[in-house]
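Presented below, as structure tokens, is a lone chain in the form predicted alone.
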Amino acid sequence: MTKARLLGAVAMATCLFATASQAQDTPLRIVLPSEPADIDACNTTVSNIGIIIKENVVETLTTLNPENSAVQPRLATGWTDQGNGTWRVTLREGVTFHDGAAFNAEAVANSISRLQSEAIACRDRTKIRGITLKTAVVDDLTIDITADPPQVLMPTLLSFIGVGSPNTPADQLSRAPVGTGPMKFVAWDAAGITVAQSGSYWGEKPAFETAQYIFRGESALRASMVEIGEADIAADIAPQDAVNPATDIAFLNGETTRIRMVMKPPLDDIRVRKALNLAFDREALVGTLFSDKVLLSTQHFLPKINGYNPDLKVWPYDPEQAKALIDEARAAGVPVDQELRLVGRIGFYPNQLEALQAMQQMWAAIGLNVKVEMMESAEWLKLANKPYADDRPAMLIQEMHDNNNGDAAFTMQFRYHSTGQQSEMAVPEIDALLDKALAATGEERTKTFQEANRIIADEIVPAVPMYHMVSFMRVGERISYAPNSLSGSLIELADIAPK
């Protein structure tokens, strides 16, 4: 090699190094559709909170493989069933919180206590509704966790336990979480939420020193921000905005959406609940307001989940039969002409308002008076979660639920059991089946969940099933990131690399 060529190669290498270094020093910018109400360590399962802090600022005890839901170690490195509901959990050594507090068994016990405290509205608690967890510290890095009733899926449950600093206030939700992750919280202001590398971390550090989370409600705006270089990732963009094959990636996101019914008059009459399903033309919204890759649903989780009943059928579109049922109910004195609120949560998915308005028109065609109402996340959560107001009227509530956890337990207990945090039902037969399934293993567990699903879908009809959802993400050309089924609620910054 000549001296000139050598000097040229060195110059090029120096330039490439400088470019890569500059890319890592420039903040990673992720634009999301909705701003969360909080970013507390005990709300990591809430999608618009988890996507920011889970495994970035606040880590969980275990994590789940996005492909098959296999349990993987995180802050916990091992777990053994001791019998009688007790699991012995071994914790990772050499970990500290961002505020300098020690990560140990006492800190885990504190987080589990806070998770279950009624002093705060901890939404991760919905994942263990009906289960009481007790802890016993064995030594600094060993803790016994006992579940009542016993839980065969305890290693999976550990993936719902975000471990925050023991200095976190016990009686209020945090907007400045302190965890053990590779990033620490820096600020939450008008510009969004900023996190930065914590400085010392036990595992893989992200390539970027700083990340900023920006909130923009309009899908087209989020997409354009990536196109012009104002953001690196735009989450949850609408199908009509996903027009660039080089940057726009479609992926099954594990979410299932439905319309839940508050079964007060007239929704306490099964004829009205069936009519709502028969009058909804599901196919008409596929490839228009929803991606042509969504799947029509019959139950509230994906076919890959243990307990899914493959024999359930999608409701047919039959507006004539639906109108006949409404007319029959009206003749019997059911107040079918009263106004029904159809409540959506802002930021659930692209084109949500348009989809709800389309459903409103379909239901108007059979004689129902439905009014669409959109709510911010915090207000919607108050409406959707217990305790319910005593005078709560009949209404329709748009829901979207993510079960990537491998088992129906993480859907059915809190949606359908009488003790469930978001259950509208109190059916002894369903309670008995779910209690039996939760205590069972193997084929008995699967078949019991399947039978509960059959009864719920065919005989109770508490909801209007809609779709298993697909998301589109726009990924900017200066980074490399491959979304997976968890990316709607978890984007690990360590998985993002500069090009």
Partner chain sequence: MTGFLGKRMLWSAGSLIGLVILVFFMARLTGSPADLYLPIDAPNEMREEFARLHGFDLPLWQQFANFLRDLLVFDFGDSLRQGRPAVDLVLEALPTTLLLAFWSIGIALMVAVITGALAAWRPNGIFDRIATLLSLIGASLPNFWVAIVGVLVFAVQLRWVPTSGTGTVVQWVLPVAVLAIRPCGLIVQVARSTMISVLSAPYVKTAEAKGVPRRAIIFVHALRNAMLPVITVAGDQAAGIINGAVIVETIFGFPGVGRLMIDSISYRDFAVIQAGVMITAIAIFLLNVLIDIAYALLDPRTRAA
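Numbering follows the first chain given and starts at 1. What you see is a predicted model, and the numbers here were worked out from it, not measured in a lab.
Form predicted together with its partner chain: not shown, discussed below.
**Student:** Name the residue from Arg129, Arg330, Arg92, Lys304 that puts a heavy atom within 4.5 Å of its partner chain in the predicted complex.
**Tutor:** It is Arg129.
**Student:** Let me know the one among Thr77, Gln357, Ser117, Thr96 whose heavy atoms come within 4.5 Å of its partner chain in the predicted complex, would you?
**Tutor:** Here the answer is residue option Ser117.
**Student:** Thinking of its partner chain in the predicted complex, which stretch from 78-86, 220-228, 357-365, 162-170 has heavy atoms inside 4.5 Å of it?
**Tutor:** Among the candidates, contact is made by 220-228.
**Student:** Should Leu64 be classed as touching its partner chain in the predicted complex when contacts are defined as heavy atoms within 4.5 Å?
**Tutor:** Taking the distances in the predicted complex, the answer for Leu64 is no, it never comes within 4.5 Å of its partner chain.
**Student:** Is Arg392 close enough to its partner chain in the predicted complex to count, meaning some heavy atom within 4.5 Å?
**Tutor:** Contact with its partner chain, no.
**Student:** Does at least one non-hydrogen atom of Phe414 fall within 4.5 angstroms of its partner chain in the predicted complex?
**Tutor:** Flag for Phe414 set to yes.
**Student:** Hey, in the predicted complex, is Pro36 touching its partner chain, heavy atoms inside 4.5 Å?
**Tutor:** Close contact exists here: in the predicted complex, Pro36 approaches its partner chain to within 4.5 Å, heavy atoms only.
**Student:** Would its partner chain be touched by all three of Arg29, Lys293 and Ile479 in the predicted complex, meaning a heavy atom each within 4.5 Å?
**Tutor:** None of them does, since no heavy atom lies within 4.5 Å of the partner.
**Student:** With the partner left out here, which residues of 320-353 have a non-hydrogen atom within 4.5 Å of its partner chain in the predicted complex?
**Tutor:** Only a single residue, Arg345, comes within 4.5 Å of the partner.
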